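So this first bit is one chain, no partners, the form predicted on its own, shown in structure tokens.
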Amino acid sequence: MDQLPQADAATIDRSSLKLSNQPGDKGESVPFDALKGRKVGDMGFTHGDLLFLSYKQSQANPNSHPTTSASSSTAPHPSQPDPSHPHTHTDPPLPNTIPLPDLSHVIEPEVDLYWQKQDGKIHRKRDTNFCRHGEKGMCDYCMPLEPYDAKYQAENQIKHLSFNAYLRKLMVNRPAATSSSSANTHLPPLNQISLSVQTPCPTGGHAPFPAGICSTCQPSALTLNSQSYRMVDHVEFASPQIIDNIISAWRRTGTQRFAFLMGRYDKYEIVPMGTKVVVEAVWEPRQEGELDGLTVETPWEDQDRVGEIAAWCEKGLGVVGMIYTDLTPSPDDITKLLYKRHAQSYTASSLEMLMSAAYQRSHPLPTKASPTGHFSSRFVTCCLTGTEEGGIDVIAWQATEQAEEMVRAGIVEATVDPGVVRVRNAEDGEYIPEVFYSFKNEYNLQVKMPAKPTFPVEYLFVNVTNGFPVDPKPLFLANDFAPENRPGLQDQSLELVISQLSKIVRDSDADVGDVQTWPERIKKEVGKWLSDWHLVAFLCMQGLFSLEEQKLLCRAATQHAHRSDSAALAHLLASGGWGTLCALAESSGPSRANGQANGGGRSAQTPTPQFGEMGIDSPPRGSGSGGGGDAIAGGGGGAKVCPHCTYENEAGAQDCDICGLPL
């Protein structure tokens, strides 16, 4: 009793203590009360036998289902796995109870909550050929179908069930709950695949892996099959300009580009209980493009900040996928592209599929249908590639759940041949389970083949359709501001913001620095100009606006989509941050410079109050010549303008006096 854990000793039913030479209920157990006055040899034990102590809890946890008995070996507690083997992942040991998971903290997406409240039935009209009843009647030919009906799938060429239809199928196929199995309805229906060794072994009969392994703690063999469901059924791009903006960078440089998709999830009623990704914008991380590939910053620096700004613009808006180009001009006709991805070659290479699986693991889907609170992912991958006619098309896909687990366990790797995936050979201290793949041969018989050393990449692939809406209603109305992280091609700067704002206001007789003089037409144009994802993200990261003003800026950029935010633009134009921006535009614009030449306005050496609060001096009034950003870039008296903070340094300066970055 002294060797028992202190946490268990207080709740043990001492009358249930038994001793056995086999774990669990396999061996012959002897109660402790029957051991009094007996010798070890009389009980059938010999020197060197491993004895197992079993007992029951005196008070059962109301939130758990106790097992018949819990075994505790007299051997020392197993040690933790060896960290020198990073590819072998281990699972925690099985406890002596099976607690019901507490999933109350899981916040599910709104689209899943919507489908949970719907019956999901596929409604059919009255069949004039077979129905023999009136308009208000119903029969087998016109009654609603379940969302997972196989015949409906085949007739409408639906290859994959939607995720919510798949959940509905799992729930219906469960055995009916009885008095002894009433908890069956409360258990999550999804079971995640595990290719990890359980350490320590639940039986406790051997040393932990890699010193020992048995059929109980080792993972089962994996058979690869085509996944019957998909997490996302469709990818919808809110505006064609999203795609055109990415392609334009490739056209100007000839190198490939990469971007993360910023969007939200919505219902997709073309597929029963379907879900679609609505892409509203993209974010380009730091990258180095090449003719046949690219290098991307991972993890990207501003990921958390970008996600926060996106959530301010729209509830549920965030990173939903990634998109990149794979475009190669045809050597015979440079106006057309090579057709590289097709049925005779590959749709997605093994390297791309493993990358998709890795990104999906970093963006799990929160759901109460899984005991862990998350399951697979809705992160999608899109590729811009050449078509058979030489044009450009989008291909979208996801990696399967099996692919995600194989990447997590580190048992697969990419090959030179893009159409196959290689199963790694186990190194010292590693365990890689057997992997098979199943297919139908030429005789239409289902056969199973070993996946070592390689298997086709199609087993990790789930196709996702894509397109544009018939009636576009994008969240962001403009796309004129320069995208981020395009140095030398399209640079983001505060002078570019000032140039575009001044150009809008100069179309009227209003004063740039006085918002009260702006006519309603100009305010509407400014609101449309602000409805640009790249501009909103840039302004929020510049420090001109406070935290509350940043949220107001995001609401003003999307007020056309939310009736409750109809006054957001007026509040933004009256904020202090916007006054600072207008002061910058007023002091740098050519219209103000012309006013100084005529003797009107503020003295050139007197800083405006907004500049005084920022701790910097106003730029020289007479430096403007030309329009907008050229007025600042040109400077005055040979001054060098910092491309990072727009501060005007002396002509011979090498580094900026304000931010310290090279000029």
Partner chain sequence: MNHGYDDDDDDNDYQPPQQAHAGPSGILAQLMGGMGGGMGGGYGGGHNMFGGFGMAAPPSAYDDYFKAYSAAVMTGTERAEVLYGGKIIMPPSALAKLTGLDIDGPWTFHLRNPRNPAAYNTYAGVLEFVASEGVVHLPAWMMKSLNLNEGDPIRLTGTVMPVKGKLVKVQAQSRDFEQVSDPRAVLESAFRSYSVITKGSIIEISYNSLTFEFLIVDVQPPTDANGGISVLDTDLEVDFDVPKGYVEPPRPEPKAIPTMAEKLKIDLGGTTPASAGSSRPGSSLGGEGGSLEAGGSEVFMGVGQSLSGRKVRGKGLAKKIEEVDPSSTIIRNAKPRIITPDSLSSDPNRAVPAVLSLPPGKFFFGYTYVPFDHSKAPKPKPTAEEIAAAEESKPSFGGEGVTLKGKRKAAEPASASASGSGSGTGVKEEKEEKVDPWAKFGSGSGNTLRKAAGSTAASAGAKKEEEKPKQSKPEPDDIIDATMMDDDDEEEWDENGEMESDDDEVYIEVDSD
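What you see is a predicted model, and the numbers here were worked out from it, not measured in a lab. Numbering follows the first chain given and starts at 1.
The same protein has a further form, the form predicted in complex with the partner chain, not shown here; the description that follows concerns it.
At a distance threshold of 4.5 angstroms between non-hydrogen atoms, E352 is in contact with the partner chain in the predicted complex.
Contact annotation: P418 falls within 4.5 Å of the partner chain in the predicted complex, judged by heavy atom distances. Looking at S345, you'd find a heavy atom of it within 4.5 angstroms of the partner chain in the predicted complex.
With a 4.5 Å cutoff on heavy atoms, A221 does not count as touching the partner chain in the predicted complex; it lies far away. Only one segment in the set 241 to 249, 200 to 208, 519 to 527, 352 to 360 has residues whose heavy atoms sit within 4.5 Å of the partner chain in the predicted complex; it is 352 to 360. For the options G467, G137, G543, G293, the one in contact with the partner chain in the predicted complex, meaning a heavy atom within 4.5 Å, is G293. Among the residues P487, P453, G391, P472, the one placing a heavy atom within 4.5 Å of the partner chain in the predicted complex is P453. Shown without its partner, the chain has M322, Y324, T325, D326 in segment 306 to 332 as residues with a non-hydrogen atom within 4.5 angstroms of the partner chain in the predicted complex.
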